[in-house]
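One chain comes next, on its own, written out as structure tokens in the form predicted alone.
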Amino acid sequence: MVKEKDSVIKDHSGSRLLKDKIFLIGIIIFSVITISPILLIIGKLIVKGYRQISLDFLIETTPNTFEAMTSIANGERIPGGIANGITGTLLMVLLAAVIAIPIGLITGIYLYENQEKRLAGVIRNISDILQGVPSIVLGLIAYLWVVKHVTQGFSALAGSTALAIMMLPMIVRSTEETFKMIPNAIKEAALALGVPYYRVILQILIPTGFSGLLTGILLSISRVIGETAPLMLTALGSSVINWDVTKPTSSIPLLIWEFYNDPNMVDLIWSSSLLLMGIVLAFNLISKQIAARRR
């Protein structure tokens, strides 16, 4: 009887180990299938895009069609670069951050401090809905608000407004969730010592949850930095470097769209996409590092 039980246990153990190995192999196979498109895309961008990457690509404005066509006919690298797109992206993202970060932090703090109130629930639902709204719709809203009635034309300000609206939901929810993770004892101790309420927020809660807040901000920036649709309705684009927020301004995604419509600029599409992917990847890696230190 003892030998029979031992053999049954061994058979059961062997069968379980076999199932574990099969399951592990299946996970590996499906993981490789999942990441293979991403690796192929990155590889394609690197192979096609590195040829145009140079100092001139970063500091010069976009060439015209005739210059590109002449260079291709002579077998040369297309002159010029995307400096107007880089500066436009920097301007609009920076302005959008200036608009969205204070509003998002204040709203997130309100939701944290008034979790059970009806107004807080309404704001939370609106934030969740806003996060799922297509970017082209937000661009249309910014067009009706800013382009038609404020700047009376396409501008960097209108583009920044559209991007700021897109950034708000992530900043709001990340702020609320970060503050929820801070022990209430810290806040109660500060209030018990007679610290004013606003100083508890500014000097205790925000510094304590700074890494979480910064992670949400960086993720929201990485989300909007590659947007094209809302900027087509608001910023329009420009062939020159522009720092005036009331004038049309270009961006890297807008330039990629313009290059796509010109067969002579195909090489610049890959290089611009490679640069944009690198910027977005850098923001995501930084946010992950901050989140890891926070844990």
Partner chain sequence: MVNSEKITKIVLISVSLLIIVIAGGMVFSLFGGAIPSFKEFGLKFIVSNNWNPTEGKENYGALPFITGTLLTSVLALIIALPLSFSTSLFLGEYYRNKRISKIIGTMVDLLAGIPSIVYGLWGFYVLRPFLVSLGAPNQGFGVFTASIILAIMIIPYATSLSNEIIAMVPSDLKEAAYSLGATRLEVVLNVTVPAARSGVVAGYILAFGRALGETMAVTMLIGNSNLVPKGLFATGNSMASLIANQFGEADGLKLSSLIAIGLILFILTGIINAIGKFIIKKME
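The term rigid core refers to the most C-alpha atoms you can superpose between the two forms while keeping them within 1.5 Å. All of these numbers come straight from a predicted model, not from anything done at the bench. Numbering follows the first chain given and starts at 1.
Missing here is the form predicted in complex with its partner chain; even so, the following discussion is about that form.
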- [ ] Tell me, yes or no, whether Q131 is in contact with its partner chain in the model of the complex, where a contact means a heavy atom of each within 4.5 Å.
- [x] yes
Open item on the list: With a cut-off of 4.5 Å between heavy atoms, is L40 one of the residues that contacts its partner chain in the model of the complex?
Closed with: yes
Open item on the list: in the model of the complex, is there a heavy atom of its partner chain that lies within 4.5 Å of any heavy atom of I286, even though the partner is absent here?
Closed with: no
- [ ] Consider R77 of the chain shown here, and say whether it contacts its partner chain in the model of the complex, taking contact as heavy atoms within 4.5 Å.
- [x] no
Task: Partner-proximal stretch of 242-250, 27-35, 52-60, 66-74 relative to its partner chain in the model of the complex, 4.5 angstroms, heavy atom - done: 27-35
TODO: Find the only residue in V150, I126, L95, A83 having a heavy atom within 4.5 Å of its partner chain in the model of the complex.
DONE: I126
Open item on the list: Under the 4.5 Å heavy atom criterion, name the residues of 136-159 that approach its partner chain in the model of the complex, in sequence order.
Closed with: I136, V137, L138, L140, I141, Y143, L144, W145, K148
- [ ] Classify L18 as shifted (yes) or not shifted (no) between the shown form and the other one, where shifted means its C-alpha moves by 2 Å or more with the rigid core superposed.
- [x] yes
